[in-house]
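One chain comes next, on its own, written as structure tokens: the form predicted on its own.
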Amino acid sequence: MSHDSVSLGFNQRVKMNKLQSKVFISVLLIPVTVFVVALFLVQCGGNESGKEIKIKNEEAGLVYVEQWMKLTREYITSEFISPPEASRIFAYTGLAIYESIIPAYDQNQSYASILNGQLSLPSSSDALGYDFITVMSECVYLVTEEALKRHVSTYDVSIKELRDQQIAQRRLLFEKVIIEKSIEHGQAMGNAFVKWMRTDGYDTTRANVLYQPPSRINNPAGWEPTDFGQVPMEPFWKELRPFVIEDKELCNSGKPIEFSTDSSSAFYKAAYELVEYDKNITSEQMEIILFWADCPGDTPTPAGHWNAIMGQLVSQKNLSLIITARIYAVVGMGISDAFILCWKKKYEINLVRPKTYIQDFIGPDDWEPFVETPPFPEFTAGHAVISGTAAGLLTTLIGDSVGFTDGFHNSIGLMSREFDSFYEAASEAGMSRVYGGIHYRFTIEKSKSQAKCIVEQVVKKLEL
């Protein structure tokens, strides 16, 4: 069965390249003259030696934060970075932003000391004083370079250009001694992050390239890649160190329903539901499929979609710099931990995907889902787990029944969608996988339970 007329078609689009990333930087940066005039209205310049410089120009900080996040999303898209790896990058970037600026606030709620792996950051209690936005630019620059090092050529200067342009604007506001001291502190912060990042197990998993899925001979419930040439995605991701979750056995989410090929069984009916959607898909359901597809190389993956939702919330809800930074850090870490636990479950359960089951036991034998089945096992569902995690943490940090508009995919021709709450968006993201034919409904429901547990653990550990 062919769905060419209604399929995503995203992989046929022209991919973003590094030149576009550079263009993005120049377009997004505020003209220097406007920037200076605006900041001097809210920031006292001149000699600030002898005390810490508090962050009074939040508008500039918010612009800088979003520049880093947008640049990161651009790279994740153009470099075809996988969903789990994208979540790791966003988490480190968000945490670096947060920890860089939090010393400027009276209620210093650093997370460094309670995260896994002993993140040891340098103290900022220096009498000379700092511009913490400069600290942030320098720190995030180093963290971003480290996070993208396996994907971005050392000859690509876009990351450094963004850092240089931001700090050049800060030099117009403060004496040289303050800027240089802030750069030095940002370097110390960034180096501490890099040292910590290199102990999370990521580099080790890059060397673990040999993985063969268990044979399906006498094991019809087992998973195998659904398309020729597919390579299992991140089978060793479970070995990474989570940011917050201390025990990877937590949030186990139980087991899928009992496998059966009997036409009267719950499992068979769950698969047949996807066949029915295939035959009777509505225009609204197709819009939902496309909106939440978030394929690597076409978008910055599901993690990047939720990162973009956070960016839209900043302007829609007029969020402050510190709240914005905390959201990027907390939700980023939660999503990253969710990927680790979800991927652990996937390769332990190793459950057959709907495409294989339907072709083998329901028919026709050339049945295809609307969305290309990704190269990893069925249970639990990545998008459902991370969307539920993001929704739960955003609800904790911002509030319940917070309506918002998500227009992130306008640039690829998709209409904006409006939601009355974060949970409504997460629920729709999960169901998009059922409509699209790549997950059973029971997997989505179990994934919601796993997400709820992850949220509870993160909220408890970070004392949110």
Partner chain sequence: MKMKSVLLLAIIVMFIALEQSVAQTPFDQRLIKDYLGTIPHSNMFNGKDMKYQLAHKRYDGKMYYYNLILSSNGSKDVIIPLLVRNLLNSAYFEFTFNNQPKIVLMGIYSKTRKWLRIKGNVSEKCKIKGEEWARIDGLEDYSELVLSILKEMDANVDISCIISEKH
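These figures come from a predicted structure and were not determined experimentally. Positions refer to the first chain, counted from 1.
Just so you know, the form predicted together with the partner chain exists too; it's not on screen, but the next bit is about it.
Note on the interface: of 213 to 221, 296 to 304, 387 to 395, 139 to 147, the segment with non-hydrogen atoms within 4.5 angstroms of the partner chain in the predicted bound form is 296 to 304. Remark: Asn280 counts among the residues lining the partner chain in the predicted bound form, judged by a heavy atom distance of 4.5 Å or less. Taking non-hydrogen atoms only, Ser78 approaches the partner chain to within 4.5 angstroms in the predicted bound form. Contact between Asp227 and the partner chain in the predicted bound form is found at the 4.5 Å heavy atom cutoff. The partner chain is not drawn, but in the predicted bound form it has no heavy atom within 4.5 Å of Lys344. Residue in contact with the partner chain in the predicted bound form (any heavy atom within 4.5 Å), chosen from Pro242, Pro369, Pro83, Pro377: Pro369.
With the partner omitted here, the residue from Lys248, Lys181, Lys355, Arg170 that has a non-hydrogen atom within 4.5 angstroms of the partner chain in the predicted bound form is Lys355. Within 4.5 angstroms of the partner chain in the predicted bound form, the stretch 395 to 413 places a non-hydrogen atom from each of Ser411, Ile412, Gly413, taken in sequence order.
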